[in-house]
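Next up: just one chain, as structure tokens, the form predicted alone.
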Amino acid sequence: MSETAVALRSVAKNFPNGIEALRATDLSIAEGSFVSLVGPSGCGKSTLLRLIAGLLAPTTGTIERHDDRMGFVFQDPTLMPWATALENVALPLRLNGGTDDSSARHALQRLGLDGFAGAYPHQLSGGMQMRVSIARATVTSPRLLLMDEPFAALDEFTRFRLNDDLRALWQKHGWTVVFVTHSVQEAVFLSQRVIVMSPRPGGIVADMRIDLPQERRNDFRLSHTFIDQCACVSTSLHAATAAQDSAA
């Protein structure tokens, strides 16, 4: 059996302003797996991701990570505008006292940006900026990659290409990926498993295994198998939202 990369036990999060963001939540994520979190806006997806990262502390419950080698990709690229792509990617290495740029150059190369090491963020498209952000998050060879709606602001063509590239990188490097998205289609295409969350206070209402081939090319998005799987996840998401509305 696969080892557990992340385990949440009865994790809840209440903010000082009185918002109950997350109710007692149990979640176990296997090493090397690709798991997506979907749910309506404000349901606690990003909160859950930040709790896993250690950027927030749980109000109650415990979080265990098997390995602290971790990368985080935010919704915005969050690049330093005065630094080149190479300098942005090398930042985590610099913070750890490193001076060799070879790892940063390799990270850019595997994201298809080997010819743009000297470019500044304003010289790059939105998709290229996000590639730089992913390169920076993976330059230290993390075992756990946390991604908070990284492709939400991109056009569909660019988003699809980055989905393809991310899956290829995940399969090659064996990262454990936890991916937040509002898109059911994106979640199904990328993942082995989709966690459906309820409206706030957030909780897990469905844990769905994605029974699709490992090889998923762009034309697979038009297949009946893919469409049927998306429909199952959408149905679960809509049911959770409807139940919350009825209880209100």
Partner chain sequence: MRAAGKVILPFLFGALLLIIWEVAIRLNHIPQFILPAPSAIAISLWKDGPDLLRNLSVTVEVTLVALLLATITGVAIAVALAQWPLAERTFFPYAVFIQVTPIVTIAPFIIIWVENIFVVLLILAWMAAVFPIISNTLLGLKSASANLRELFRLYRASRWQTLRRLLIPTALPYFLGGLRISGGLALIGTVVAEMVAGTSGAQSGLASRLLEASYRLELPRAMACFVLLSATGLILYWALKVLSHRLLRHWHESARGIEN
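Positions refer to the first chain, counted from 1. Because the structure is predicted, anything quoted here is derived from the model rather than measured.
FYI, the form predicted together with its partner chain isn't displayed, but the following is about it.
The candidate spot formed by 71, 82 and 94 is fully in contact with its partner chain in the model of the complex: every one of the three has a heavy atom within 4.5 Å. When you look in the model of the complex, the only residue of 171, 103, 158, 78 with a non-hydrogen atom within 4.5 Å of its partner chain is 78. The closest non-hydrogen atom of residue 120 lies within 4.5 Å of its partner chain in the model of the complex. By the criterion of a heavy atom within 4.5 Å, residue 55 is counted among the residues contacting its partner chain in the model of the complex. Within this chain, residue 128 is remote from the site of its partner chain in the model of the complex, having no heavy atom within 4.5 Å. Remark: residue 200 does not count among the residues lining its partner chain in the model of the complex, judged by a heavy atom distance of 4.5 Å or less. With its partner chain omitted here, the record of contacts in the model of the complex names 62-70 of 62-70, 24-32, 208-216, 188-196, defined by a heavy atom within 4.5 Å.
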